[in-house]
Ligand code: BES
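Next up: just one chain, as structure tokens, the form predicted alone.
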Amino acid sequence: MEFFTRSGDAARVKTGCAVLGVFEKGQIAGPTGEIDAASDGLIARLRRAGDLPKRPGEVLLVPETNGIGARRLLLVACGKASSFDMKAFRKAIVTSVRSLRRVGTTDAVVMLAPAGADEYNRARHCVEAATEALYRFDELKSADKQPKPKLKRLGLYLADGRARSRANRGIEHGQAIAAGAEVAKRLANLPANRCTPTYLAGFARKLAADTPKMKADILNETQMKRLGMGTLLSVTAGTEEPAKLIVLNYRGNPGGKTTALVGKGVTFDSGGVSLKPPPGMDEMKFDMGGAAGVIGTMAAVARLRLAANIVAVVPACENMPSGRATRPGDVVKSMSGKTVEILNTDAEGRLILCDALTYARRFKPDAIIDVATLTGACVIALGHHLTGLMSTSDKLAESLLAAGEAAEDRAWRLPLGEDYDRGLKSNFADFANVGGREGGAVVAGCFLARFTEGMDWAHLDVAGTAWKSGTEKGATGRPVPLLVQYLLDNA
């Protein structure tokens, strides 16, 4: 999809379709009013006839026009003008683009503007939402693939042509974020027999080979054993698939600060000996959503050529039951030297992350952020709307929360503390890998915090936000927008 800007008299903009907002009480203003006046009151007549769309999400296609540059109009219901914020704007873009898929037009110009948004953010979110609306994962289908949309070019109307440079920068950033999110979606949507740890490692190698200033290192199980990564290797003990520790090192600002991103990469999670129930187990291919999000973020960084230093560490493995699998009650030693009693083999994400967090220390990061589909408890706490955030640094937590707000990829901070941490007590090891059911998401965060002492660390639990179930089953690409925004803010 090609994105561009247009300015000047809205009624004179030549396009296959102009996308216009219709608000409650039939308000006709801005570009909609200009086009109505130039078309001899076309929209006002539709309003009087009661034909205008009313509820947000409804649209009306006007296939023929007179007196204006647009050959068609797509009128989109936007609710109250005072409530048309960035979230509502993105929903309107998704609705519009999905409607335009079914129309013969090859180009369109969006003439919607959320309240209070500058042209950079308007352009960026327009690009991200439009790309999301067009995304399809059908590469594994042999038939019944949806035809490619005829819509090839989407423009953004600017009331002030002097804002074009800011809008173009928004387009540039939006395209990079959207591309990174699509990388994350594709990797997570691939089935576990395709997206293995070896496949993820190969993808990372290619990304680095295609990116100046980025290097890939892939550690095998023998190297992990030499490093003492006993907790990571305990998870992969029961599978035939070899584990990989993927390291992507991007140096865009030599001598500057370094941010480390650590992504949980369990490409299939059966639960191990603590076997999961069959319903929904197919969705455990999404248990590498943290890894997908981190690799997608690195793809966006590569496209943006950020002046920043970012290292991504992805422990990738499967969690399967077999005669060699780790058992509940086993005690393993982590790379940090701390011992862990494994009470539940389905609490495996924290076991691979703790060794990856320890490994990431060698890069001396100024901030370290791990991303994981870690706990069902986080889904119970926050549903599928907000990513769970835990951190030992108020400054880092506030920066990530602000980035989520700006990126429309929000998180919510959960507590940490001794009251939760004491649930990890073990009679046989330094601590256990699980506590009780209560506060399970926070207890998991406390486990990871034990391996990040002395570091500015944050944990993002994306168990509720990395994918959707039901008729819309598939990966969401979150938290790529949040992470890229954070990196942009700190570049």
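Everything numeric here is computed off the predicted structure, so don't read it as measured data. Numbers for residues come from their place in the sequence shown, where the first is 1.
We do not show the form predicted together with the named molecule, though everything after this point is about it.
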inquiry  = Even though the partner isn't displayed, in the model of the complex is residue 202 close enough to the named molecule, meaning a heavy atom within 4.5 Å?
reply    = no
is_contact(residue 186, the named molecule) in the model of the complex, heavy atom dist at most 4.5 Å = no
key: Distance check, residue 429 to the named molecule in the model of the complex, heavy atom within 4.5 Å   = no
ask   = Is there any non-hydrogen atom of residue 260 lying within 4.5 Å of the named molecule in the model of the complex?
value = no
task = Sort through 242, 149, 376, 256 and report the residue having a heavy atom within 4.5 Å of the named molecule in the model of the complex.
result = 376
key: Option touching the named molecule, based on a heavy atom within 4.5 Å in the model of the complex, out of 101, 276, 303, 333   = 276
ask   = Thinking of 284, 287 and 434 as one candidate spot, does the named molecule come within 4.5 Å of a heavy atom in every one of them in the model of the complex?
value = yes
remark   = Given 134 to 142, 368 to 376, 162 to 170, 407 to 415, the stretch touching the named molecule in the model of the complex at heavy atoms within 4.5 Å is 368 to 376
